[in-house]
Ligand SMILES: Cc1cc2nc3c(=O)[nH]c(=O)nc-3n(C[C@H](O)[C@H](O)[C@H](O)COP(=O)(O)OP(=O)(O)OC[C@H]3O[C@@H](n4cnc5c(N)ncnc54)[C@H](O)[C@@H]3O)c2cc1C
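As a starting point, one isolated chain is supplied in structure tokens, in the form predicted on its own.
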Amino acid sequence: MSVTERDVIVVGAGPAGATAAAALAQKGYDVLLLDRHQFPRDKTCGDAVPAGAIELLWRLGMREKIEKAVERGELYPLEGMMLVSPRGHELHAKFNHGKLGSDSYVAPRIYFDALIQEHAVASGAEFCQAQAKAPIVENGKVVGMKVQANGRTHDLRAKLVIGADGVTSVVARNLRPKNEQHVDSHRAVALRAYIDDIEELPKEVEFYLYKDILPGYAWIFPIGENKANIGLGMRLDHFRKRKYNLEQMLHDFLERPEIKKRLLRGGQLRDVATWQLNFGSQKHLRHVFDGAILVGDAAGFINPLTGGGIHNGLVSAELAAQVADEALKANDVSRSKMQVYETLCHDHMWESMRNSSWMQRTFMRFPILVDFLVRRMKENSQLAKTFLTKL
């Protein structure tokens, strides 16, 4: 890590951060990509990636890399989904291919994130393992990052910082005022595990919207050979009010008769982990500051109904790279110059966030509506389309 000023420091090398780093490096900028972990590394997630996200990565030049990962069995292609309502009604729907013909996938993050991080480095970004401590702010403007690496603290300077360091973002916590942090009604808590002995539904993801978990759901996402990503999530304020225990909830889910009969050896779980999510449904949150932009989970672009954040994270990274390019060319990385990023994100995501938030709140109050939608509306319903496109 040199002491010279970089064009861009990207904090966090997950999908959003690595995408932003790759896009800007391809434009010729000096990009330093930071992450506290070396890659490959696991990331707690449901692992589902919709076709739209895959095709965005194709535009970044990753089509061949993704096809080879599929051939290696690292990405598991999907053909459809099943939604199960509180009274056990089932909705089966087929995934549409993307506009360019891509499939949707279950992509364990240990493989998926490493693919994009490697592509960022191949595109010209420099990667460094370091723990971000805080943005460096001078005269109200972000001018770099204070990081810890190799047992020492370093001040790294840059014209622009992109915060892509996830739901617990150091960049967001330091730049957003306390009254602009996410509140519990716009957050969720989730638990994920991998299960090694379940009869999966081949190439079909499963969502269970039963009464005790609304507003939330349990899922089974297959990865082949009787293995799956399995877990559940719930809105955080509801979870705390009920004083639930996620591990007990997962155990109860596995004891449901329709699930228990599919377990070959009683339910062999591994890599059990919990995490929190910030929804994109909370209004009036800033994503742009003088010298800094937030993307992905650090900004809070997670769908409030499905909990999916990868597609929105990649979209935000692509938009951030476009805005950053214009700002750097103009030698103006002020909030006023880059605020168009917030408008672009709103135009691309807000309608879906608003509709998903309405469904989430309505289902909590009227579980019978889920039964109606699943039983009557079938795959043409807004409910089905949301789960199909916002994994």
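Everything numeric here is computed off the predicted structure, so don't read it as measured data. One-based numbering along the sequence shown.
One more form of this protein, predicted together with this ligand, exists but is not displayed; see below.
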Problem set entry | Heavy atom contact within 4.5 Å of this ligand in the predicted complex, the stretch among 29 to 37, 326 to 334, 56 to 64, 358 to 366 | 29 to 37
Problem set entry | Site check Pro135, Gln181 and Ile293: each within 4.5 Å of this ligand in the predicted complex by heavy atom | no
Exercise. So in the predicted complex, does Gln322 come within 4.5 Å of this ligand, heavy atom to heavy atom?
Worked result: no
Exercise. So, in the predicted complex, is Gln282 in contact with this ligand at a 4.5 angstroms heavy atom limit?
Worked result: no
Exercise. According to a 4.5 angstroms non-hydrogen atom cut-off, is Trp219 in contact with this ligand in the predicted complex?
Worked result: yes
Exercise. Is there any non-hydrogen atom of Ala13 lying within 4.5 Å of this ligand in the predicted complex?
Worked result: yes
Exercise. Given that this ligand is left out here, which of Ile302, Ala120, Ile162, Ala228 has a heavy atom within 4.5 Å of it in the predicted complex?
Worked result: Ile302
For this session: Just give me the single entry in Ile310, Ile195, Ala125, Ala172 that has a non-hydrogen atom within 4.5 angstroms of this ligand in the predicted complex.
Result: Ile310
Exercise. Which residues from 257 to 291 come close to this ligand in the predicted complex, meaning a heavy atom within 4.5 Å?
Worked result: Trp275, Gln276, Leu277
